[in-house]
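Here's a solo chain for you in structure tokens, the form predicted on its own.
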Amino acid sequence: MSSAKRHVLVADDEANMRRVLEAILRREGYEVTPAADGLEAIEMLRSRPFEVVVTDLRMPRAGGMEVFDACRALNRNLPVIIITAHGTVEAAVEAMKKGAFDFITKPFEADAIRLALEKAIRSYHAARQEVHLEDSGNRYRIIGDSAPMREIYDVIDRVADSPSTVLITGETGTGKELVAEAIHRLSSRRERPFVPINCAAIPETLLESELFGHMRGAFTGAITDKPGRFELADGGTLFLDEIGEVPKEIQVKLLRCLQNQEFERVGGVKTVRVDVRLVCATNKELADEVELGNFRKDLYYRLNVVPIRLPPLRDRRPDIPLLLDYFLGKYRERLGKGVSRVSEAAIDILMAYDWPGNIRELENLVERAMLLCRSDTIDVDELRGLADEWRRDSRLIGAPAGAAADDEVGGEVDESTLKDAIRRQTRWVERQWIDRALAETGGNVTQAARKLGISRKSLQMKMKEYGLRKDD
């Protein structure tokens, strides 16, 4: 992301605080526009675009809530980070419930503001892409039209507006948070907060406080009362990613909260009641974790009310061209590159790869290939490193021995041989998939075509080509 696009508006009536924030953010490559009060900030919002707004809560002429309201009116997706003193934490929490991105209490450390800005920038660009998807008629804001994904959309439609807990499972990088966001957005809670938390990214000693909040003095460093994610998500949806990483001692409190919609902050005695719809995700098999004694059986049953299993990318290959188009558009803007297409030979490589890192790996590869590309087309040359990985790691999907072998001359890959190998591998993969789909549907061509995400006529032609028709 270029610094020319990292515009941050900082509004604070204390000159020293503005200077500190400006220094921190400019060192990180942000372009900072300062405002001495809320009214000045609102005028600036109307005169130029920003990607993030950082505002103090209490300022003369107009306060942080007025700045927040102006942001919502001008650009609903513009993230607002509120800086608040100890006495105004509850007001900041209310702002979060109305849609503010985050709040930071004074005094704060430089790392806290840096991390908040990084998350806000990512959120802003993701929201812009999602709006583009929704404008194009994609109400789920998820890329994919294959048969496995259409099944996922059907489940989302059926469960979105229920209060039931949803457990999303699938390999890393399959898009579990996107499904959670779609469930929230298509529910009656859409106007209330969607609060995500990655349980694996927070130290065990802090996770309970992050979930349920804490009282001042509850532990070293707890200098103010702080609400947890359950309170911030009141009336909306709480998304617990990597739920399998929650320690067993916290699982007890989590179970009680799910059953009764109430809890106590760490160090507190007052019971807090909330109305939260819970969506969880994990790349672990929680049933296996229960057997191993790592996860409570009663909590597992409480979470696994509506299970949704996301397919890995290798099981939804027809979506790869759609994902490529999406990521090309995303990184054209972000990198300022004029790359607009992927060659057929390169697509053959990408379609045959096993994608152990799933969609996240594909996105990273597109970004890397665009940076290396010298024309408007990503070709085999930009993917040569990936092809080398295939030869070393033998990660082509179940290919017979020698199916992916490449001849080498002086350590270089012979391009014509590589293309031929990819073409052979693609045909082999295609036949295996068709064979499997026909077997799973008892030879029903219509159902097999639907499962493969292609038309019945296309499947019939492929069956004739590979000699898979009964009369052949």
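The term rigid core refers to the maximal set of C-alpha atoms that superpose within 1.5 Å between the two forms. Position 1 is the first residue in the sequence shown; the rest follow in order. Quick caveat, the model's predicted, so the values are computed rather than measured.
The same protein also has a form predicted together with a small molecule, omitted here; what follows describes it.
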Exercise. Is it the case that Glu177, Arg316 and Arg360 all touch the small molecule in the predicted complex, with a non-hydrogen atom of each within 4.5 angstroms?
Worked result: yes
Exercise. Does Glu208 reach the small molecule in the predicted complex, with heavy atoms at most 4.5 Å apart?
Worked result: no
Problem set entry | Partner proximity in the predicted complex: Phe212 to the small molecule, non-hydrogen atom cutoff 4.5 Å | no
For this session: Check whether Pro196 has any heavy atom within 4.5 Å of a heavy atom of the small molecule in the predicted complex, and answer yes or no.
Result: no
Problem set entry | 4.5 Å heavy atom contact, Pro227 and the small molecule in the predicted complex | no
Exercise. Leu255, Ile113, Ala120, Leu323: which sits within 4.5 Å of the small molecule in the predicted complex by any heavy atom?
Worked result: Leu323
Problem set entry | Heavy atom within 4.5 Å of the small molecule in the predicted complex - the one residue of Ser187, Gln251, Asn283, Ser146 that qualifies | Asn283
For this session: Spot the stretch among 214 to 222, 96 to 104, 369 to 377, 352 to 360 with residues whose non-hydrogen atoms come within 4.5 Å of the small molecule in the predicted complex.
Result: 352 to 360
For this session: Classify Arg158 as shifted (yes) or not shifted (no) between the shown form and the other one, where shifted means its C-alpha moves by 2 Å or more with the rigid core superposed.
Result: no
Problem set entry | Core superposition between the shown form and the other one, C-alpha change of Arg76 at least 2 Å | yes
